[in-house]
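Starting off, we have a lone chain in the form predicted on its own, written out as structure tokens.
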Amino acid sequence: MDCPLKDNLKTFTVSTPALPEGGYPVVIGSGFLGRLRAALKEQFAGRMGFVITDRSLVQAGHLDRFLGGSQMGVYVIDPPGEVSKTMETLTSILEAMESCFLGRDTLVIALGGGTVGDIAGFAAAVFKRGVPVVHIPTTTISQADSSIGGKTGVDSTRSKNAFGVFWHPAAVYMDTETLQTLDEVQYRAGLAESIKHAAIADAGFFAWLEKNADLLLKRDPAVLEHLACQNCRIKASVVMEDPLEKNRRRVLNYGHTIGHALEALSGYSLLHGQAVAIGMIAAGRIEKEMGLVGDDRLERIEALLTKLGLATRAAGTYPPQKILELLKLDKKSVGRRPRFVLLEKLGSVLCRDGQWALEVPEEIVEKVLVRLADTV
């Protein structure tokens, strides 16, 4: 579907055979949120919109800006964040949609960050056996990563993203102006996914991040648009090659194996990006223990994370044995043995025997975990 907005916007197409149209547009720009509802009404004529958002978006004024005074079904997730990413919230949303007498002509609109997008996508996938979803990501983490690719899900009481389906969006609209209201901790945490993209796929992008770190922290509008475009380019290229994460797409989980475990152990007081930052350093330590490092990539990654205000050590108690147990639940695990995404060099992931996520001797993982709070 063509974007009905007439601005000078950047548009990418994510190709996927999972959609009848063969793919979906990702539109990037600044300052168009207030005109997007009318554009979606034109683009998805005949569909009833239902917005899923959270309290922080309401408080920031983004929901009112999007609605523009129009009447539309809305579900507000409260409290915001990972603590609400549960089957209970999903059920509540689905029942709210039913109470609005919505049918298969519904369009779910996910207005918010990663948690909103994950739950909204899941709800769209199962409501009446599937209705389209449009993502409007409003955080650094959702604009970098979670809004593209079709992953949906909620957490169990034991692990992150335990339940979910692949449900690709009908469109993604990124208004980078929404990042200006994001609180500082959330803003900085989300930048970890941009560093991950650069580390796994583009050394030139990594150098750009190093050079523009100060402007990123100042939320320079031009820099934010360029950041969104580079993230989209990298994420989309991987997703198009492996839309259902059979192998190649696992590279996007660099830093996530241990990161997800830390998130779960913290009771999600540790934000996703914060956990991924520590997880990338842990992965780098594993690479060193395996003799895979002959350059300064780990030091550069750590320096950039620190520059952007992200911790590279785990502050708190994370018993190695508990982390090892959670690693068995990781989606990349085979035979209850976790697989790790490791770098060959900055901008390139190590692939062995055609596999992009590799088994690591447990003694090496445990050694890194024991040192997690001290030297990682």
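All figures in this text were calculated on a predicted structure; none of them were measured in a lab. When you see a residue number, it is the position in the sequence shown, counting from 1.
Unshown form predicted in complex with another copy of the chain; subsequent notes refer to it.
For the chain shown here without its partner, which stretch in 230-238, 270-278, 123-131, 197-205 has non-hydrogen atoms within 4.5 angstroms of another copy of the chain in the model of the complex?
Careful reading of the contacts points to 123-131.
Out of Met290, Val76, Leu215, Ala162, which one falls within 4.5 Å of another copy of the chain in the model of the complex, going by heavy atoms?
Going through each option in turn, the one that passes is Ala162.
Heavy atom within 4.5 Å of another copy of the chain in the model of the complex - the one residue of Val83, Ala303, Met72, Cys100 that qualifies
So the residue touching another copy of the chain in the model of the complex, by this definition, is Cys100.
Would you check, heavy atoms only and a 4.5 Å threshold, whether Glu225 touches another copy of the chain in the model of the complex?
Outside the cut-off, so no.
Using 4.5 Å between non-hydrogen atoms, is Gln180 touching another copy of the chain in the model of the complex?
Gln180: no contact with another copy of the chain in the model of the complex.
Flag Lys211 as yes or no: does it have a non-hydrogen atom within 4.5 angstroms of any non-hydrogen atom of another copy of the chain in the model of the complex?
Lys211: no, not in contact with another copy of the chain in the model of the complex.
Is Glu88 close enough to touch another copy of the chain in the model of the complex, meaning at least one heavy atom pair within 4.5 Å?
Glu88: contacts another copy of the chain in the model of the complex.
Given a 4.5 Å distance limit between heavy atoms, list every residue of 36-57 close to another copy of the chain in the model of the complex, or none if there are none.
Sequence-ordered list has one entry, Met48.
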